[in-house]
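For reference, the chain that follows is the form predicted on its own, supplied as structure tokens.
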Amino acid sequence: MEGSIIVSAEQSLYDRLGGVFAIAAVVDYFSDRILENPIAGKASPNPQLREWSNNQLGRLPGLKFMRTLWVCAAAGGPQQYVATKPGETLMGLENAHRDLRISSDEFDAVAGVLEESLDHFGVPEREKGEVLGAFAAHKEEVITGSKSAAA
């Protein structure tokens, strides 16, 4: 094709996930399912997670909003995520999670809920892997409170 330019830019993860409305639907479902998880929710052995899941639910709509912004930003969307308790990096999560003393096992349980939520919405394997990878990349930040509590 002489004289024409073909642009073949791959879509961002944000676009491949369906944008903010699709991401918000998954986050809403995921957030509600965490509460029912026996390791990380209302019956968690972790007293901080149990307290939050049973007595701080007035904060859940805001948390869903913040999680949606975080996923959108991490996936390359136009939304900007600004932490309520900034960590050492732009997307840092350590200060927001420190007081919850989340253990590695609890983080992994939440990752399992995320995977189930993505499956519930039929997110394709490639995109599901990218979302789970982005989530896993922040594990050390999220569990830092359990490490400092053990020290």
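For every residue, the number given is its place in the sequence shown, counted from 1. What you see is a predicted model; the values in this text were computed from it and never measured.
Although it is not shown, the form predicted in complex with ligand HEM is what the next lines describe.
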Contact check for Ile34, Met66 and Val142 against ligand HEM in the model of the complex, heavy atom at 4.5 Å = yes
Listed residue (Leu93, Val113, Val123, Val26) with a non-hydrogen atom within 4.5 angstroms of ligand HEM in the model of the complex = Leu93
Would His138 count as a contact of ligand HEM in the model of the complex, using a 4.5 angstroms cut-off between non-hydrogen atoms?
-> yes
Using a 4.5 Å heavy atom cut-off, state whether Leu100 contacts ligand HEM in the model of the complex.
-> yes
Heavy atom to heavy atom, is Thr84 within 4.5 Å of ligand HEM in the model of the complex?
-> yes
Within 27-55, the residues that have a heavy atom no more than 4.5 Å from ligand HEM in the model of the complex | Ile34, Ala40, Leu49, Trp52
